[in-house]
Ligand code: PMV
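Taking the form predicted alone, here's one chain by itself in structure tokens.
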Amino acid sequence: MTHLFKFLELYFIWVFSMGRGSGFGKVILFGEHFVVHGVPGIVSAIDLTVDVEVKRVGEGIHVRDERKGARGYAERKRTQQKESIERMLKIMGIDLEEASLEIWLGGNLPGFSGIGASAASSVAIARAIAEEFEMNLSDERINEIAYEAEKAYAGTPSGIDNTAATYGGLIWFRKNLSGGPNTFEGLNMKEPVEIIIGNTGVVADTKEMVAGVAERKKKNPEKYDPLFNQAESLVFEARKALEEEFDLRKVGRLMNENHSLLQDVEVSCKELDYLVNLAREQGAFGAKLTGGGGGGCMVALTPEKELQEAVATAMEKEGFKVLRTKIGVQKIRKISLISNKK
């Protein structure tokens, strides 16, 4: 009888135990494109996450991706995801040949570009694997693992997405143009603030957009150098407005100015400008494109639920997909995950 109870105990541990993890999505508030050339940028985690469950069961590695927008991924994306997990297991010291893992991805962060979905999933998977294998890893180590995993998606990632996904909150980022370590610094903000993220539905090639800015800057420094100087002054103002003053009207005004600069360097498009103008007309404190531009997403500062809902509803009536979320969310302290797998 004792052996039977021991067997049942081990069986239930095997069936019901699993590792769990979460990672934040992100939005760039200030500095996209300019950061590539050494201008600081400000990124914030948002309160939407990729949630993951991992169990050592079966044979090989099996991934079930149930995130909204994840169905129908291109073959290249699935290949990148596979490589990402393999990189992760290798750096965590898990034998790829002997690994037997079932990985479920869910959560409320959609799987579309511009909001750090791949980095959020990398952080979440790393946390879940670490818990399943009882590794007790620090956030710093999780961040390192997620950075390695991100190489499968971005080649040489900046590190900003996985850092936001790991730690949450507001982050000050500056690229080291000399090849040394980049600067990442956590910023303090009085409280989380509501925003909306509007998706144009237009797919753009970020690498192409970045290359275009670099080429135009090289050909026309008389126009571009002053714009980059303005962008640098603006981001320092924005840091003060967010961290010291918590002046959201000023933050919104600076977001509007940042969008104008991005228009000047020719990375906006008619769909982005339309959504930015619509958000402002509905009372948003400020609005701008976020990410690579040429399509993708925009962000609008909409403090308080009522304003957030008014702006989001106006966009949805025009047929655009919208995320209602917040900036300045803090580090994950306790993960509570309900699986949506069937």
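A residue's number is simply how far along the shown sequence it sits, counting from 1. The structure displayed is predicted, hence computed values, not measured ones. Only the largest set of C-alpha atoms that superpose within 1.5 Å between the two forms is called the rigid core.
Below, we turn to the form predicted in complex with the named molecule, even though it does not appear here.
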Q.
To verify the annotation, which of these, Ser158, Asn256, Gln80, Gln263, has a non-hydrogen atom within 4.5 Å of the named molecule in the predicted bound form?
A. Ser158
Q: Tell me, please, which stretch of 54-62, 279-287, 22-30, 309-317 lies within 4.5 angstroms of the named molecule in the predicted bound form when heavy atoms are compared?
A: 22-30
Q.
If we define contact as a non-hydrogen atom of the residue within 4.5 angstroms of the partner, is Gly198 a contact of the named molecule in the predicted bound form?
A. no
Q: Using a 4.5 Å heavy atom cut-off, state whether Thr206 contacts the named molecule in the predicted bound form.
A: yes
Q: May I ask you to check whether Gly107 falls inside a 4.5 Å heavy atom distance of the named molecule in the predicted bound form?
A: no
Q: Examine Gly291 and determine whether its closest non-hydrogen atom to the named molecule in the predicted bound form is within 4.5 angstroms.
A: yes
Q.
Rigid core aligned, does the Cα position of Asn256 differ by 2 Å or more between the shown form and the other one?
A. no
(Q) Using the rigid core as the reference frame, would you say Phe112 shifts its C-alpha by 2 Å or more between the shown form and the other one? (A) yes
